[in-house]
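Next up is one chain by itself, shown in structure tokens, the form predicted on its own.
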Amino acid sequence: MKLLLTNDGSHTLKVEELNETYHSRHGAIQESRHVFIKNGFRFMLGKNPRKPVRIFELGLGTGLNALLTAIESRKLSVPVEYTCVEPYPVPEAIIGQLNFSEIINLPTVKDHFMQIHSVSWDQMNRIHPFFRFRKIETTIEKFNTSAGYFHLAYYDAFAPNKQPEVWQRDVFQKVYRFLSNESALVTYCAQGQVKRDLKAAGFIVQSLQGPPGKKEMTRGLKGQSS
């Protein structure tokens, strides 16, 4: 993996063998805030506030989405239960080089970030009073949970041409099953085939303005009107 600086000053990682980065080179933090916080977490709170909000993430990666959600849950005093699956954890030595804590520059952010990466796998951990966090070292294909358990899904895998197995219709159907009614899935990806497969899986598909440097992103709704 190679450490890269994106346009908003925050780091991302490039996987050389895939020629793929974990975040947008236009800005890692601003992309995550736009796609997953603004159009995911805050959108769901605006539609139907829940306590706690149960979030599923496909791909822990650098932990940026989890970190920003932890910050937001504390700011809004909204309890969050956060579960992610990650079959290929980023090595600790690389995690220690990421500058998210310095860029965000809020009290306790560095502690939260390091906890997200250091807590035990496969069990629920409390990062702060409003944020419970569980990471599971497995694939989405092997992961299972009760139908209707989650309120929101962050779909943040590598692009379909790099990681095609997780962008298949049957995987979207699986995610649809373990989302509750009045729920949503958000992803940076706006490919036509992905939208068609989300629709075929049962989602109401919305094309939204993308983060800086990207024209569109996608949100899929379950059990609610657009």
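Numbers follow the displayed sequence, beginning with 1. Just so it is clear, the structure is predicted and the values come from calculations on it, not from any experiment.
Absent from the display: the form predicted together with a small molecule. The rest refers to it.
Undergrad: Name the stretch: of 22-30, 41-49, 174-182, 197-205, exactly one has residues whose heavy atoms fall within 4.5 Å of the small molecule in the predicted bound form.
TA: Single hit among the candidates: 22-30.
Undergrad: Can you confirm whether 63, 139 and 158, the three residues that make up this candidate site, all sit within 4.5 Å of the small molecule in the predicted bound form, judged by heavy atoms?
TA: Checked in the predicted bound form: all three residues contact the small molecule.
Undergrad: Against the small molecule in the predicted bound form, would residue 88 count as a contact residue? Criterion: heavy atoms within 4.5 Å.
TA: Yes.
Undergrad: Counting only non-hydrogen atoms and a 4.5 angstroms cut-off, does residue 190 reach the small molecule in the predicted bound form?
TA: Judged by the heavy-atom cut-off of 4.5 Å, residue 190 is well away from the small molecule in the predicted bound form.
Undergrad: With the partner left out of view, is residue 53 within 4.5 angstroms of the small molecule in the predicted bound form by any non-hydrogen atom?
TA: Residue 53: no contact with the small molecule in the predicted bound form.
Undergrad: Looking at the partner-bound form in the predicted bound form, is residue 37 within 4.5 Å of the small molecule by any heavy atom?
TA: No, residue 37 stays farther than 4.5 Å from the small molecule in the predicted bound form.
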